[in-house]
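A lone chain, given as structure tokens: the form predicted on its own.
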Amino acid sequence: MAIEIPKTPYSGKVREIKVGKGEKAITVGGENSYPFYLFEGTMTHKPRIAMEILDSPPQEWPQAAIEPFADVINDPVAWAKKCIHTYGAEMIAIQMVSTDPNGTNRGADEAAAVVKKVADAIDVPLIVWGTANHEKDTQVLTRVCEVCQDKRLIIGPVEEKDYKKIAAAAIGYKQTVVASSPIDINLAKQLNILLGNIGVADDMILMDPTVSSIGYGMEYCYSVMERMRMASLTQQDEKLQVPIICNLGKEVWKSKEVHLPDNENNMGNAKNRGIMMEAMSAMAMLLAGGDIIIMRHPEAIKLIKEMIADLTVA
């Protein structure tokens, strides 16, 4: 007698969002079952990995993270191109670290000019991520929206304290926004509602629930993302049927463990340790429902792409 595997019916579906433009534009979302549950539903579009670059040379990266990019870290354009042509990046995420008021505090015009150069030089979707300083992000991200008005960028983080001006610029210049909330399903839903109320179209919103590295609160982040997916698929909550983006690389590579030297506390090779921490953290985020994962190290990305390929074979 054949064994029939019980299946859960899903009444909802994650919204499809197209990011970027031209031949290299990418569509994410569209799943109508839990992540990789291909025996119960479909993942219309597989999860995507965005490779991280910085708008200025990194100051506190461990050597293992610098090595693959040592020849290009002083030039964001060259860095982005290397990610695409050498490592096969399908998306680029530029972290606007130089605009941090507690650091270099680069002005909005200068910062936007850097983004424009990168956007002009590549043909894959570009994510622009600020510093989560509300006043400075408002200045920088609104200016980025303006100078890159034909680029279909992904702009974030957009938070409750700064969403009005940034979202208005995104609407005017047709950019996608990243609705960012602090690990809380109700706050995430509320921000999506607020963005909709001021005119941001449903298909121009990605959701950032805030994530962490394995060992640094991963369990809580995972459970919040899992609840978001449950609400979207089984409760038909339209305001949570939004593709999820996870800005993960920087969380992993700032952790204490990746900065410890080889064999410290019997933890083995530092480079391998960092790569495995990033890959394990990324896989957990994918299993929780992540649609776009921002990652840093090429070897960790290679591992994750192989896992995605294996898990999406019907």
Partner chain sequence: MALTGIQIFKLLPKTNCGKCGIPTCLAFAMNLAAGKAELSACPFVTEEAKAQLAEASAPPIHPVTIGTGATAFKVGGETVMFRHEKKFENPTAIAVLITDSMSDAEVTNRVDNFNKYTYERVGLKLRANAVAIKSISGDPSKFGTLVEKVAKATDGALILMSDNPDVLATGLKICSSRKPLIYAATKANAETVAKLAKENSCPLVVKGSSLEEIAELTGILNKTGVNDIVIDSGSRTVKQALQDQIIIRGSALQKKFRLLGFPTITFPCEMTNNPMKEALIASMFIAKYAGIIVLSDLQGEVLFPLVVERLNIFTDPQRPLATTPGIYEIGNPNENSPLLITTNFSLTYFIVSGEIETSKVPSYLLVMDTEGLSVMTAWAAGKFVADLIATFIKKSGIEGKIKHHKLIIPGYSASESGGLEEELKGWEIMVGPREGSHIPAYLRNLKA
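In this text the structure is predicted, and so the values were computed from the model without any measurement. Numbering follows the first chain given and starts at 1.
This protein has a second form, the form predicted together with its partner chain, left out of what is shown; the following refers to that one.
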| item | value |
| --- | --- |
| Contact flag, Asn269 vs its partner chain in the model of the complex, heavy atom cut 4.5 Å | yes |
| is_contact(Ile275, its partner chain) in the model of the complex, heavy atom dist at most 4.5 Å | yes |
| Heavy atom of Tyr222 within 4.5 Å of its partner chain in the model of the complex | yes |
| Its partner chain contact in the model of the complex: Ile171, any heavy atom under 4.5 Å | no |
| Which of 48-56, 62-70, 23-31, 281-289 lines the interface with its partner chain in the model of the complex (heavy atom within 4.5 Å) | 281-289 |
| Members of 229-258 lying within 4.5 angstroms of its partner chain, judged by heavy atom, in the model of the complex | Met230, Lys254, Lys256, Glu257 |
